[in-house]
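Consider the single chain below, provided in structure tokens and representing the form predicted alone.
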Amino acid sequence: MVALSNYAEIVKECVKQKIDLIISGAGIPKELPEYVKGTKTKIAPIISSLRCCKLIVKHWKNKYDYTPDMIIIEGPDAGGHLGYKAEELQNEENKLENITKEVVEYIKGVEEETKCEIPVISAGGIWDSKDIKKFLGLGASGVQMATRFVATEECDAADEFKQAYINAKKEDIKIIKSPVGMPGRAIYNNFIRATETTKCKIEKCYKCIKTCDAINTPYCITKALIEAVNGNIDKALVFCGSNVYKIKEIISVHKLMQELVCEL
């Protein structure tokens, strides 16, 4: 996350540890090539629009002579923090299908110019093999999925976190205003309801997010996300994708993968 206060430090440590790929979002990673140039670590920015894609590609080219190793498009149906204003989420031009078409067409030109292959990955609200097939047909090299893999036996989140996904109804999925100033998609649970009327006491500020106002924030997002993973759902912010309500059971990754490739 570009929004992290120690973003550069974390990226440099990842490179030092010879991480294969760094995917960077929650802000525009303008300086990311500086930290990986001359190493084998690849980098991929997360974008939400063609405009953002062009900005990153041109900046990296002009300042670092570096081409993205991959582009990830996260559309408005993704879980967690979103790269849109709340009022933009329903705009036709922001549909993942439309952005994918635009970005794929633009990247084709960049590939021809740079002689570099740049996979485009679509993400946000992708549910089944039909969705995967659709985006591959639009020119994407692949898809990114998160929500469905939470409800798997192999996921290391607490069982209570997974159960929150299974129990979620369509009307439980809300766009909330995150303490870091971005809209986010989450399960509208008792914790979120409580923070709308009562400010949580911040016992310790981790100074983790640049844009977080620790004095006025309704709750600590780091603590709320840790509580979620640990299964303390009544004290947790439970981020999710738009299709979480479709999940009815916990299955193995093997079974899920068989389902996802059945029509490809």
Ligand SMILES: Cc1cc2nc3c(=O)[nH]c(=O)nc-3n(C[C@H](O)[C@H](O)[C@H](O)COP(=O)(O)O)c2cc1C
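One-based numbering along the sequence shown. On a predicted model such as this, the values are computed, not experimentally measured, just so you know.
FYI, the form predicted together with the ligand isn't displayed, but the following is about it.
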Taking 4.5 angstroms as the heavy atom distance cut-off, pick the stretch from 102 to 110, 138 to 146, 175 to 183, 83 to 91 that is near the ligand in the model of the complex.
138 to 146
The ligand contact at residue 191 in the model of the complex, heavy atom, 4.5 Å:
no
Can you check whether residue 239 is within 4.5 Å of the ligand in the model of the complex, heavy atom basis?
yes
I'd like to know whether residue 123 contacts the ligand in the model of the complex, with contact meaning heavy atoms within 4.5 angstroms.
yes
Does the ligand get within 4.5 angstroms of any non-hydrogen atom of residue 78 in the model of the complex?
yes
Could you run down 32 to 59 and flag each residue that has a heavy atom within 4.5 Å of the ligand in the model of the complex?
46
